[in-house]
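Quick setup: one chain, the form predicted alone, written in structure tokens, and binding and motion questions come after.
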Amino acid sequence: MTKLYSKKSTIILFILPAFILFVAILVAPIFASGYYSLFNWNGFGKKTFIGLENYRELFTSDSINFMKALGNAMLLAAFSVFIQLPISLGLALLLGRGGRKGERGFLSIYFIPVLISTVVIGQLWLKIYNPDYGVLNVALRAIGLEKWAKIWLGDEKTALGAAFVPILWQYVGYHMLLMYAGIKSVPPEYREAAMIDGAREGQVNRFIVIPMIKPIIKISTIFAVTGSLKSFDLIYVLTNGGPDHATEVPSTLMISMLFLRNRYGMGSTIAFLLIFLCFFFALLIGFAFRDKEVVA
């Protein structure tokens, strides 16, 4: 067996199927998107090479509104990092401390939204936001705040925030579970030693638990930011980018270019930029979370 695995040809033979799938499913489409982004093409007829014209138009044309869509995605990323992740971390710290009755039950409850189809989640929140019989407006009217009742997804001033709420809510449990698993891997002896030395629960979490789950927090941050840049399904179900592009994000704009405006080259340009931005922010976050070297 040792001789078998020592042969390079055998190792290559085992790796080759996975490598072919990786190239065919991931690498090749990325290069294809980059290639098609250099053309003016409707997806069927003859391609016309235009170089970087699609990129110039994307950032300068008022009719495309890419910068607004990108700004919405970046705003969602900021909310995910500074609102969603702290809530997830707080819940994980509460449940991860141990000794709580019904701990497993709470984990299951918080994780349920992640398991439900995003389309179903969208339909549920459409019912909540309905201006006539939606739970939100009915509750506001019941407590005497009828003037606060709005057409939440139909008003440009409230549509973006209303669309962000279910996105942030749905994945709180996902990040919480990742962090909870990390907290459970922290040796209990560290916590016990700190408590014996007089440390309070908050100090234990701040100086022992959170530093030890830093790799998990880094992964959650990468997932939150890149997931925000790629956000599509809930926005599409709730508002389809409206009203008047108020909730437009790059993915909904890309779908519009590909299937409504028949601009395959421009759609490929948006796709290629999204790939680049996801890689860029993943590297940037990894750099921000790097361990600082101690200089003697």
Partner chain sequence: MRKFKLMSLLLALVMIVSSITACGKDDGKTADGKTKLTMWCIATESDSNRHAYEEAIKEYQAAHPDVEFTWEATQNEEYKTKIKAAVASNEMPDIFFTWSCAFLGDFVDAGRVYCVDEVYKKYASELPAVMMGNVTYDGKYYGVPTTMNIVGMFCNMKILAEVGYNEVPGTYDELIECCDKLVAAGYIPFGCSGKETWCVTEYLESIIEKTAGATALNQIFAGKASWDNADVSKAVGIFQEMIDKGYFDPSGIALGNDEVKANFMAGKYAFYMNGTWNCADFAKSDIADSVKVAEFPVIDSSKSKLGELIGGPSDTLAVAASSKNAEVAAEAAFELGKAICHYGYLDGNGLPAWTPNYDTSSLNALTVAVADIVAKSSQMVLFGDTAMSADRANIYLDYVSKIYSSKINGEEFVNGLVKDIK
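Numbering follows the first chain given and starts at 1. Only a predicted model underlies this, so the values are computations on that prediction, with no experimental measurement involved.
The same protein has a further form, the form predicted together with its partner chain, not shown here; the description that follows concerns it.
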Quiz prompt | The unique member of Gly102, Pro188, Pro131, Gly90 whose heavy atoms fall within 4.5 Å of its partner chain in the model of the complex | solution = Pro131
Quiz item: Which residue among Leu136, Leu178, Met74, Ile151 has a heavy atom within 4.5 angstroms of its partner chain in the model of the complex?
Solution: Ile151
Quiz item: Picking from 267-275, 252-260, 223-231, 26-34, which part of the chain touches its partner chain in the model of the complex when contact means heavy atoms within 4.5 Å?
Solution: 252-260
Quiz item: Does its partner chain come within 4.5 Å of any heavy atom of Tyr55 in the model of the complex?
Solution: no
Quiz prompt | Phe39 within 4.5 Å of its partner chain in the model of the complex, heavy atoms | solution = no
Quiz item: Are any of the heavy atoms in Gly43 no more than 4.5 Å from a heavy atom of its partner chain in the model of the complex?
Solution: yes
Quiz item: Any chance Leu140 has a heavy atom within 4.5 Å of its partner chain in the model of the complex?
Solution: no
Quiz prompt | Partner contacts in the model of the complex for 57-77 (non-hydrogen atom within 4.5 angstroms of its partner chain) | solution = Asp62, Ser63
